[in-house]
Structures are given as C-alpha cells and as structure tokens.
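Next comes just one chain, in structure tokens: the form predicted on its own.
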C-alpha cells in the first residue's frame, strides 16, 4: 500500500535520524516507513512505556514527543540517564537481553511505533544500510551515556546544564526540530534537575546564571540559544560523540 504524504511526515523523524548516520537505500526507507506505520501507538504524558525488569520483545521508535530513561532508588529518588527525542529508538537491540535494566517514561504526549522483534529482524536483515544505521544509533547511545557520566562526575553545575542544552539542540537538529536558534523545551525544572544531578533550587540558579550571561533564553517551553559557540565553550562541549553527520 503506498505511503501518503501525511504518513511520510509522520515517519520523517526516523528516516532523517538514520540518514544522518548512514545513507539509507530507497528500498530501506520504504520498508521502514511501512513497518513504522503498521505499529503506530500513542501515549499520554507521565506514562511508563516499559519498566525496569520487564521483558523486551519489540523495538519502539519515537515519532513525536519527549521521553526519558530513568532509574529510581528504593527511597524514591530518580535519576534521568538520558532523554529520547523524535526519530530515536528506545534501544533498537534491547530484545537481545532478558529484561530491561531501566525504565522509559513519557515526558509529553508521544506518538511512537512498536515493531515486534521478528518483524524488526526481518527488516534489518533485508538491507545492510538499515542494519548499519540502527547499529550506529545503538553505538551513539553508548557514547551519549559516557558523556553523561563525565557530565555528572566532572563538570560543575553551569557546565552540566550548558552541556545538556547544547546536546539537546544538536540532537534535535538532524530531525528538523530547530527553528533558527531556538527549540522546544517541554520538560520541567524537576526533569532537568534529575538529568543533571542537581537540586531544583541549584538547577534554577544555574539557569539564571546562563540567562544573566546572555547565553540563553528559556521561556514558555522554548529554549533560545543566543550564542551557540559561546555556550559550547562554557560547557566544554564537542558534538563529535553524537556522530550526527557521518554519511556512508
């Protein structure tokens, strides 16, 4: 069945994201579009798509909305260990493991596709470019986790928050979610605090420092970066770990 123009707009984030990592063949793009459309799902804000300890039998691809990976201590304290944006997967190869080692929750209403393991394995086996693109995404996710470990372990508060803003901006760019020097920022200060290992008070004070320095404007769920190069310098940020523009 042909994919309509409207359908193509829905699947555009994942096609753009994977194409930034590997150039997909026309057949690979078409096959992926059909698989994504077959598994379309919706979820509201604040829902767990999958919880720590759950078995995994499918691949979830985010088409719109924001999610987070998180772990919770026994006393209820939460650490967000990564965000998941449109065009990204909730671990393309997690079904190779017995159970999830973390939870994935929606931070906004989301549209996503759920592709069962057998369907996904057939899909990637049929086209090398698609298989390599998904493996590249898995490797980039590992690189992001290493960078987040450095963020929490070595960067001071201002560097941490600035680095997170730079990363969000650069990860949204390949999927067309940047408007000039601005992008949406639909998460709460609690979410940002849990992602940077700061208290909400400390997070708020740090954001105010970045504002006072003229580096950012954060208003009405929109982040505007006044000087991206200066923000990168303040964050000690290099986007090389994101591998965003490698095309083969």
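In this text, all values refer to a predicted model and were calculated from it rather than measured experimentally. Numbering follows the first chain given and starts at 1.
This next part talks about the form predicted together with another copy of the chain, which is not shown.
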Notebook entry, point to check: Applying a 4.5 Å heavy atom distance criterion, does residue 118 contact another copy of the chain in the model of the complex?
Noted result: no
Check: Counting only non-hydrogen atoms and a 4.5 angstroms cut-off, does residue 10 reach another copy of the chain in the model of the complex?
Finding: no
Next item on the list: Although another copy of the chain is absent from this view, report whether residue 127 comes within 4.5 Å of it in the model of the complex, heavy atoms only.
Entry: no
Notebook entry, point to check: Given that the partner is absent here, does residue 198 sit within 4.5 Å of another copy of the chain in the model of the complex, heavy atoms only?
Noted result: yes
Note to self: Going by heavy atom distances of 4.5 angstroms or less, which of 136, 158, 178, 111 would be at the interface with another copy of the chain in the model of the complex?
What the structure shows: 136
Checklist line | Any residue of 127-161 that, in the model of the complex, places a heavy atom within 4.5 Å of another copy of the chain | finding: 128, 132, 135, 136, 138, 139, 140, 142, 143, 145, 146, 147, 149, 150, 152, 153, 154, 155, 156, 159
